[in-house]
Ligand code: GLC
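Next up is one chain by itself, shown in structure tokens, the form predicted alone.
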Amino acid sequence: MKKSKKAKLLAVFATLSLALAACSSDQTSTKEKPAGDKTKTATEQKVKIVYARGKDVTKGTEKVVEAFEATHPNIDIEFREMPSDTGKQHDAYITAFNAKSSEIDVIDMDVIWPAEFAQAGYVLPLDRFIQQDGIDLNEYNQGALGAAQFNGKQWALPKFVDAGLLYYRKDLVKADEVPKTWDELLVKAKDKKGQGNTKFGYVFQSKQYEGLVCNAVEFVASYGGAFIDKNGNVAVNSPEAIKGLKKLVEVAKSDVVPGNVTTFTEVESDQAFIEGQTVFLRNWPYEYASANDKEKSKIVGQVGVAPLPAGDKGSAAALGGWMAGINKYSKHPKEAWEFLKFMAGAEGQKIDAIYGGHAPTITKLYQDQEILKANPTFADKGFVDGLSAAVSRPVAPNYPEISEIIQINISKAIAGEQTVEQAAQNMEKEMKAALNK
């Protein structure tokens, strides 16, 4: 028995010696990670992608980021909030990209920016990513897709498409009372102002920024005018355009709007509506989701939607929308593309449509029952038709300069510093000079 125990002890010592020898062997040999070791290899290291866009008053961005990170554990998304004023947002990007900053990876671009950013070399062409991943561009709204094309290349993917709409309080305005014309709007807004503890009859975006241009396009087009016609000719100094601009100024100076309406962007407009301060509102499709958000809105379930009022030639809605692109100087273009592809793809757009109220650019999503349940306006034939029939902003290679000319002159007309006729003459002269440089 003693001999047997001794043999067993020797065997144990021998085993321990072999184990110790193995531990002290050459460390260049391959070895398995201990159980529970969470050390990441180089390919498993997390990458942070900075995504920049303007203020989102909905939960759309938050939900899209959450869904992406849940399916891409090696990529973290940092949301960088940019100014809500699209002009200031544009300038902030220009400053960063001129400095070749890599701080931001993915950016949202207004529908009017892609060609400018592409020509300046600020963003990466997406063609090779699109081809390697087999993205079917035929699924997208072709008008929105085309806005991101320049010199035969695709510089961004459209996330959502916008068109101006009229929102109203259903508890204050009956279906047969919804104004059909701008003149009717002024009458109804005056009659309803003060009801239901409202302070204003109508709110729209009339600060000196891009939103004012969108509203101006709607007024002018509804009376048959244009700033620049289809042939690229400056047409703002016409009877039709002047009539539309006069109506805009009349509304802005009326007592149905806030006294400080010239400080209102989309953010202030949304706030006034969801706090129950205004009867009528002009805003983009996301407003339906914002106004029905139970955590912040005081008018949940009382939100009506209609086409914008008409002028002599009918109703007109400014075509808007946002794209997503990749900073040329991003240090992580592959991961940036993964996020962009998800966000602008069917899954990301569905999430944003449900939680953000944005109208998808992937057309099949208008048959998605979850989307239609969350935002019934997307099932409205008039709404869907309106997206494809919306009026574009002036098409020009130097659009920011043209936009600034429009903003300044209309703002002066609203302030009473010049007549609408003088504004039209000044715009005509300045726009022609800008286009002939």
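Numbers for residues come from their place in the sequence shown, where the first is 1. Since the structure is predicted, the reported quantities are computational estimates derived from the model, not experimental observations.
Keep in mind the form predicted together with ligand GLC is missing from the figure; the text below concerns it.
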Item to check | Within 4.5 Å of ligand GLC in the predicted complex, all of T58, V64 and Y355 (non-hydrogen atom) | outcome: no
Checklist entry - Quick one: of L308, A147, C214, V234, which gets a non-hydrogen atom within 4.5 angstroms of ligand GLC in the predicted complex? => result C214
Checklist entry - Considering ligand GLC in the predicted complex, which of D105, E266, E338, E287 comes within 4.5 Å of it through any heavy atom? => result E266
Checklist entry - Within a 4.5 Å heavy atom cut-off, is I112 in contact with ligand GLC in the predicted complex? => result yes
Checklist entry - Using heavy atoms and a 4.5 Å limit, would one call T86 a contact residue for ligand GLC in the predicted complex? => result yes
Next on the checklist: How about G201 - does it come within 4.5 Å of ligand GLC in the predicted complex, if we only consider non-hydrogen atoms?
Outcome noted: no
Next on the checklist: Can you tell me whether D162 touches ligand GLC? I mean in the predicted complex, with a 4.5 angstroms heavy atom cut-off.
Outcome noted: yes
Item to check | Per-stretch contact check against ligand GLC in the predicted complex, the hit in 90-98, 319-327, 241-249, 116-124 (non-hydrogen atom, 4.5 angstroms) | outcome: 319-327
Checklist entry - For the stretch 192-211, which residues lie within 4.5 Å of ligand GLC in the predicted complex by non-hydrogen atom distance? => result Y209, E210, G211
